[in-house]
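There is one chain below, alone, in structure tokens, taken in the form predicted alone.
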């Protein structure tokens, strides 16, 4: 449990002229309700107004539909109407860019810093400096490999449990259909190397898969959470292995699965319900629900991108001098081709 021990004078420094070398390459002018060149920097609130809490938010990029929903959730939550000046930085899938952005935001003396790290390592110096400057840091979605005393809390999903739940669903499905003793060859499409989502889901999957001696991982390859790489990596896998040897395709996010499906279709493979290829994914995007209704995707383990509300609550608690927990998990479920129609109308992303 931690408690903010200080109240800071809020000074909203303009984005112009302060962001330095990193962002000068993408355009340094900022105006209200505008987006910077390359969508790397955006700030909607009036400048030099101490009525607002200035929050710097460093996003990973735009690698997936999930990420877009996550970004939009922050914009919908950290509004001027809610008392915030949100300075948004698009990491552009570059961890070095994220680190440089963090230093720039600390130099601006933002009131709070929210970081969604692309990779876990390399954050010690940034977090130490933020603490020295009395800027509370919230780690969002993905984790960091750093001393937890350097940041206020982490908010996001239990990635390992997501992986475990996916593998448990697979066994449940096989058992229900009298196939639990069959030998299975599994293909795994992994997310970005070093990303906590990929690390956790892979760990959970491997832990459960190892419990079944008749389950074999044919290959496990990185496709960086993107649809394009999902297609390209799956094409190569279908070149390297006979199609009939593949029994299960597990993708560590929906977008990679969408890409893998394209590759399988181009190769003339059938997949999904009533075929020889079981399809399992993560995120539970709206498009995934549509594909589950069609029977092409059999299950998508939810990874809830609507994290901003918890981040807002943490900041309000800190502003009030309250203690906050070190970890906050968002609520998540497991959706299948059997229940997708029941829940699709409720999807917000």
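Residue numbers count along the first chain shown, from 1. The structure displayed is predicted, hence computed values, not measured ones.
One more form of this protein, predicted together with a small molecule, exists but is not displayed; see below.
- Here the marked residues 112, 135 and 152 all miss the small molecule in the predicted bound form; none has a heavy atom within 4.5 angstroms.
- Here the chain stands by itself, but in the predicted bound form one stretch of 205 to 213, 77 to 85, 251 to 259, 165 to 173, 251 to 259, has heavy atoms within 4.5 Å of the small molecule.
- Looking at residue 66, you'd find a heavy atom of it within 4.5 angstroms of the small molecule in the predicted bound form.
- By the criterion of a heavy atom within 4.5 Å, residue 90 is excluded from the residues contacting the small molecule in the predicted bound form.
- The small molecule in the predicted bound form comes within 4.5 Å of no heavy atom belonging to residue 190.
- Mapping the unseen interface onto this chain, residue 55 falls outside it, with no heavy atom inside 4.5 Å of the small molecule in the predicted bound form.
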